[in-house]
Ligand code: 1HN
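The data below hold one chain only, encoded as structure tokens and taken in the form predicted alone.
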Amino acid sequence: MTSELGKLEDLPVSYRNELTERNLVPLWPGLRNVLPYERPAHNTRPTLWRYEEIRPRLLQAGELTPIEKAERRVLVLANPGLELETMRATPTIYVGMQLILPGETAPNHRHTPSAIRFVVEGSGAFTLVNGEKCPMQKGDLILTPSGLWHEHGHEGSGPVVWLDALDLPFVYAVEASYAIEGPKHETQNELDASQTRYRRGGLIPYSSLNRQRAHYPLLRYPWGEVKDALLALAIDTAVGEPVQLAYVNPESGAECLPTLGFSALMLRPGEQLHPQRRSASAVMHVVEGHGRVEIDGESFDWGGADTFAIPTHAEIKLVNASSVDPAFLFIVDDAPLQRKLGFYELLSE
């Protein structure tokens, strides 16, 4: 910069009033607010939501509000830096904890935002996606992409809780967010594709080679297989390098969803990890273990099923507090959206 930019107060009041009356705004007084130099400004705060504090209040919601009055019984993890009522964990990522009780059905609908479900606790629940019945076990990732019909049910006993993550803030910001209700699903009388068609990496049904690639051929990613793959990868990963796997479309190798990315990270016993700084924002959810995270110098202790938000361009340090057991985290980020918009960056320290 060769000179200091002019301030709004430098302009005559009459001129400013004339602009306002005509829905005009001078750029230069506020230019650095929207286009800062060197590094973006952000209101997103490093924030940790403790599951031990969420769970009793979520169960209380089950007592206070029947599913018929809620449609989706969710407590939203709202970032205090982004105004709680906007329901954003980061500027582009919505995250909530959803509860379903035995015998309940969360009715069939579809919507423009893309969503995923990551199971936190319980068993016996399922998600139907375009008629494909996906069982819900702890740690399973289930996709409910934009425009696909989906409903949830519970045939077991005890509460089932899962983490919802959506690109809702982005879709809402471009004024494209809406939902449509539908009739109850007709269930296919077959196992979901995760149990039949895509059981091993690098192998797909031969018939897939002779047809147009499906947008979402795999809707459920079972945690048991992900965990086994992480443990195997750790053997061949150098100390200091992240043991991390990306969830991808098994036919194309691309991200599961067009706007959000998903990965699983393992911290070896006693490991301290400094992930490379990135332009993407993220939410991390603890699947197993306990430890500490430092985000832009702010420190949080985390345990099982806790969730924390990471702003864009943040410096991160992750520590596994156990010297005996590995820790596992599930990560949601907006890197696919940033890649498509052309400004995703891996940043030097």
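Note that the structure is a prediction, hence the values are computed from the model and not measured. Quick note: we count residues from 1 along the sequence shown, nothing fancier.
Same protein, other form: the form predicted together with this ligand, not shown, and the subject of what follows.
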| item | value |
| --- | --- |
| Candidate site K227, M266 and H285: all three near this ligand in the predicted bound form by heavy atom within 4.5 Å | no |
| Exercise: Q98 in contact with this ligand in the predicted bound form, heavy atom 4.5 Å | yes |
| This ligand contact at D164 in the predicted bound form, heavy atom, 4.5 Å | yes |
| Contact label in the predicted bound form: H150 to this ligand, heavy atom within 4.5 Å | yes |
| 4.5 angstroms heavy atom contact with this ligand in the predicted bound form for H111 | yes |
| Region of this chain that lies against this ligand in the predicted bound form, out of 218-226, 200-208, 111-119, 243-251 [heavy atom, 4.5 Å] | 111-119 |
| Sole residue of A89, V160, C134, L168 within 4.5 Å of this ligand in the predicted bound form, by heavy atom | L168 |
